[in-house]
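A single chain, nothing else alongside it, follows as structure tokens in the form predicted alone.
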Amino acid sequence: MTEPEPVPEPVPGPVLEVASLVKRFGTFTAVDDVGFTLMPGASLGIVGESGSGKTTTARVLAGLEEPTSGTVTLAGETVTGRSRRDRLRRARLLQMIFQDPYGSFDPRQTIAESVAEPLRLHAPGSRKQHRARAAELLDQVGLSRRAGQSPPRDLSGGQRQRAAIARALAVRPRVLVLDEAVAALDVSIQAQILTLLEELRAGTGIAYVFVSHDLGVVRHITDEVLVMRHGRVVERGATEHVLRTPRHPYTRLLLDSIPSPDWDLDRVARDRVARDRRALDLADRQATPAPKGETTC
């Protein structure tokens, strides 16, 4: 039986460093020269519309996609290898939570069994100790013993997301990547999950990479934000500063796209968004060189 990976000692400096990250699918570049640094206990937002490259970036960080080029460094170690040891090492340091975690749970297992499963791979101890640790984690995220003994199908969306958080925390990772983790939940449950995440960050020092299209959620949960468009980072900075005083036209367009409760104001905003989008698309066409033998008009 393979020995579990040892628990890494805390290292000074960044817990996650991403440098010159590129991901291509054939001729399409989904992520283009993305880089950032994440300190322990920090929370970084990555925002943009569908197709901006934010989810592909998250999947590369989690090892679900292999980068075309660039590096991902966790706790001082480059983790872009594909061996079983590399994958286990990455999973020990970084965990990912998806928009709907239902598909990531084994329907034949109870929630408590699913939460305990990572411990069998990564943590020494007996089955009894793993069950006790799973019970602690479920209590930490506000799930009852009854919920722990239930299969995933019997839980609500909010309960399943809490269970996914508990399972991700089982191996005490340094970084949690959350891809639209509250997008499928109603507003009241969203607020509960965001409060839970804030409490966990304060209590454990874990760092977050929070991928979302919802700027309100990003404003609530993150310290810094990257704005992505067409695979590239077009703006970055302290979250509140970027959202209050955006510099890039695309960031302003995202802010203008937030619906207003006032119908007349919302109609004005939609007109402004349409105008700004046309201007950005025109700028893109003018900045893109025409293929050899063709001219632009």
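Residue indices: 1-based, along the sequence shown. Keep in mind it's a predicted model, so treat the numbers as computed, not measured.
The same protein also exists as the form predicted together with a small molecule; that form is not shown, yet it is the one meant from here on.
Within this chain, G53 lines the site of the small molecule in the model of the complex, having a heavy atom no more than 4.5 Å away. In the model of the complex, the small molecule sits within 4.5 Å of a heavy atom belonging to E49. Although the partner is absent here, L253 lies well away from the small molecule in the model of the complex, with no heavy atom inside 4.5 Å.
Taking the partner from elsewhere, A30 is found to have a heavy atom lying within 4.5 Å of the small molecule in the model of the complex. Only one listed stretch (66-74, 239-247, 36-44, 22-30) carries heavy atoms within 4.5 Å of the small molecule in the model of the complex, and that stretch is 22-30.
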